[in-house]
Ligand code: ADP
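Heads up, the chain below is alone and in the form predicted alone; it's given as structure tokens.
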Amino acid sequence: MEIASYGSIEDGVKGCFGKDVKITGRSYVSGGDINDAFCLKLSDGTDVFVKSNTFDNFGFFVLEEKGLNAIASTGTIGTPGLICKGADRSGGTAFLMMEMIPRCPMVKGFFSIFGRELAKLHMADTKEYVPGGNFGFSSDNYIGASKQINTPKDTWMDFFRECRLKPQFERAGRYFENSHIRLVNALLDKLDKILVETEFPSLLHRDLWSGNFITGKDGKAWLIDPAVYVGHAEADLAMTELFGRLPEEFYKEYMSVYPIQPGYRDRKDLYNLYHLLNHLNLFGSSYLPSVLGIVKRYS
């Protein structure tokens, strides 16, 4: 369900909590590098979490809301409750307000439960999210600060080539020599010999590193900061290994619910090439050796 929009954070507080409720405190929350984040204390005793950015980036929060709602609609895994969003023209800011999740202890078997619930998310029906195709999403969105193209495609191979790798390679063109470009083209031409189609398109979080899940109020993993689209479940799993593999029980329990296709370990680095290219485009040439290493390996 779409949340209401307001012209300021103060108006959002009054609209959602009552006209007499005021902001009594504000504290900075660390962890992100794209948005400002803070906890607001309200006069009725409620704490809320707010992300803010410039006025022109209001659309970023509209799309984040859409992604969180898509995950929540499956009923498979937790996400924070959304309260309101808005754009403050006079203050030059945009914001997204949601419930504040306090520091919660993990339940016993946290990563086992996480694995099972992620598998159930990947098994949820996806027809409503991709009008006119099997893979993609109903709108473009963002991966970090980068625009993410979600044009519906009938095959995973076409989607991954045209909407994931090609746009990132084009943005990164200034980093590549002619010999690199030949390898890139060779890789794009042979994707159908490396990747595999799936008979069951999955709703993906698609930015699933350790910073994008938290311990919810129920002690289980809740997903935040999604870059959702419908794709191959392997792409989500691969991301959990890019910056440090999760505990083994996560993967064991995931595969007990949703077994992966043979050869995943030979494909996972290609899925993560998308994220490394995005980091190259956002943060610079320190990521170029990792990108070229994968390109050379698969081309």
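None of the values given here were measured: they were computed from a predicted structure. Numbering starts at 1 and runs along the sequence shown.
If you look for the form predicted in complex with this ligand, you will not find it shown, but the lines that follow are about it.
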| query | finding |
| --- | --- |
| Option touching this ligand, based on a heavy atom within 4.5 Å in the predicted bound form, out of Asp266, Asp44, Asp56, Asp33 | Asp33 |
| Among the candidates Gly219, Pro152, Pro80, Pro167, the residue which, in the predicted bound form, approaches this ligand to within 4.5 Å (heavy atoms) | Pro80 |
| Region of this chain that lies against this ligand in the predicted bound form, out of 227-235, 33-41, 242-250, 269-277 [heavy atom, 4.5 Å] | 33-41 |
| Heavy atom of Ala72 within 4.5 Å of this ligand in the predicted bound form | no |
| is_contact(Ile214, this ligand) in the predicted bound form, heavy atom dist at most 4.5 Å | yes |
| Contact label in the predicted bound form: Met100 to this ligand, heavy atom within 4.5 Å | yes |
| Interface membership of Val29, this ligand in the predicted bound form, 4.5 Å heavy atom rule | yes |
